[in-house]
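Starting off, we have a lone chain in the form predicted alone, written out as structure tokens.
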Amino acid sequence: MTVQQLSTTVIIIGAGPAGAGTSFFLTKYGIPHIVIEKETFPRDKVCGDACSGKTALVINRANPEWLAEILGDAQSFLPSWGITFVAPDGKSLDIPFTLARTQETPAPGFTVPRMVLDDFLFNKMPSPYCTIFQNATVSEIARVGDSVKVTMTHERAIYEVTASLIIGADGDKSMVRKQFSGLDTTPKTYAVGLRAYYEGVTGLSKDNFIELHFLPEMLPGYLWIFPLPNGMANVGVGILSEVVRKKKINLREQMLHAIKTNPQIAPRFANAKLNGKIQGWGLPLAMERQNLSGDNFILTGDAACLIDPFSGEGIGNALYSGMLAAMAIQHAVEQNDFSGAFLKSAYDDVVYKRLGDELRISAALQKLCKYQWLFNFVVKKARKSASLRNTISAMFSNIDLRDQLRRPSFYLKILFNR
């Protein structure tokens, strides 16, 4: 069989949010690139299906018309205005994402099945600068001199694709990360999650607040209920892998037990119906700084272990890291420098400057969640204090305020009502 030779500036492995985000902005900068995707769209991806304001920000920067399309399609994208925290003692606290809501204010976030979202993003990728191979199997990734070469099979043809730079947007089991960094995701960075789709769940917020239930048996993880379009709900659990191993937890049984017996949750599922199977996946959490690039390669999204340790958000950080990767690539192309030293400065340092504080705070909050009494205490106080609720709400948009949650003085002020 004849091997076909292709060359480009950038190869992107993976066409999910991280790969799409990179592609959108490479097209803006006029940089040729080839996207290699093992699946055929539309395809499913196990996920919580919740998108924060970060997702909206990146899509808007890529093309404001795309965001307007999303916000105008309530049949596919459900606007969400806040979050409900349920403490281990069962007390709940509703926190709006914004305190300045008007009729003209767009929703800060939304929920959407990943099959729908990823297909939406995928269909925005084609451009004169972007060539896409779906249903392609990568057999080898190698560095050849100052370039990288990917060997793949597509529609019974073999291709060798050469480029100056390769982007690992290929998820938590990234081939690019394993090949070029020599690292796999360690158990320390891992959580595991289960996702199920239910129809007929009652008691959902009229403003589509997403719900996080911090059940005692799941700490420092939680059970979530996220409303979706068309009367559906994404229901799942997420917990650290080391906790699952240490306590020998059967996550599926624990999730179904909570749905069946928890006094706050069970009545809402009395007439609910499971749609499809309960599926699991790994969550590479951003618990500590890692190397995100090296000579001729950049890691994005789950391949870069950028999932928020507290909220579990991965979509927004994947898109955002893709956008920052494209910016770094633009500088690398201008300087004709694809070295690890240059990319560390242009990409790694920028990612952690933009996201580092947020991820460190989230890592600290994730650890604090194991203290049931502290969670119960804060929720109890906030239920009685409008000013405290407003402060917590403001923390979603102000990283400096959110940092207070790590400080003992914040809890002392609550204790003494200051």
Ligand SMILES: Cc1cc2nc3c(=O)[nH]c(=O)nc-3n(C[C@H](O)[C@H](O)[C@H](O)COP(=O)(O)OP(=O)(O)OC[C@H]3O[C@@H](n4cnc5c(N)ncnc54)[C@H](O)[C@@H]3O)c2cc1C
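Please read these numbers as outputs of a predicted model, since none were measured by experiment. Position 1 is the first residue in the sequence shown; the rest follow in order.
Not pictured, yet referred to below: the form predicted together with this ligand.
**Q** I need to confirm a contact call. Of 65, 349, 357, 39, which residue comes within 4.5 Å of this ligand in the predicted complex, counting heavy atoms only?
**A** The residue in contact is 39.
**Q** Could you tell me which one of 283, 165, 223, 323 places a heavy atom within 4.5 Å of this ligand in the predicted complex?
**A** Residue within 4.5 Å of the partner: 283.
**Q** Residue-level contact is defined here as any heavy atom of the residue lying within 4.5 Å of this ligand in the predicted complex; does residue 53 satisfy this criterion?
**A** Contact with this ligand, no.
**Q** Given that the partner is absent here, does residue 364 sit within 4.5 Å of this ligand in the predicted complex, heavy atoms only?
**A** Answer no; every heavy atom of residue 364 is more than 4.5 Å from this ligand in the predicted complex.
**Q** Check whether residue 28 has any heavy atom within 4.5 Å of a heavy atom of this ligand in the predicted complex, and answer yes or no.
**A** Output for residue 28 is no: heavy atoms all beyond 4.5 Å of this ligand.
**Q** Contact with this ligand in the predicted complex for residue 211, defined as at least one heavy atom pair within 4.5 Å: yes or no?
**A** No, residue 211 sits far enough from this ligand in the predicted complex that none of its heavy atoms falls within 4.5 Å.
**Q** Can you say which of 349 to 357, 65 to 73, 371 to 379, 30 to 38 gets within 4.5 Å of this ligand in the predicted complex, counting heavy atoms only?
**A** Looking at the other structure, the answer is 30 to 38.
**Q** State yes only if every one of 109, 113 and 232 has a non-hydrogen atom within 4.5 Å of this ligand in the predicted complex; otherwise state no.
**A** Checking in the predicted complex: none of 109, 113 and 232 is within 4.5 Å of this ligand.
**Q** If you apply a 4.5 angstroms heavy atom cut-off, which residues in 311 to 347 are near this ligand in the predicted complex?
**A** Heavy-atom contacts within 4.5 Å come from 312, 313, 314, 315, 316, 318.
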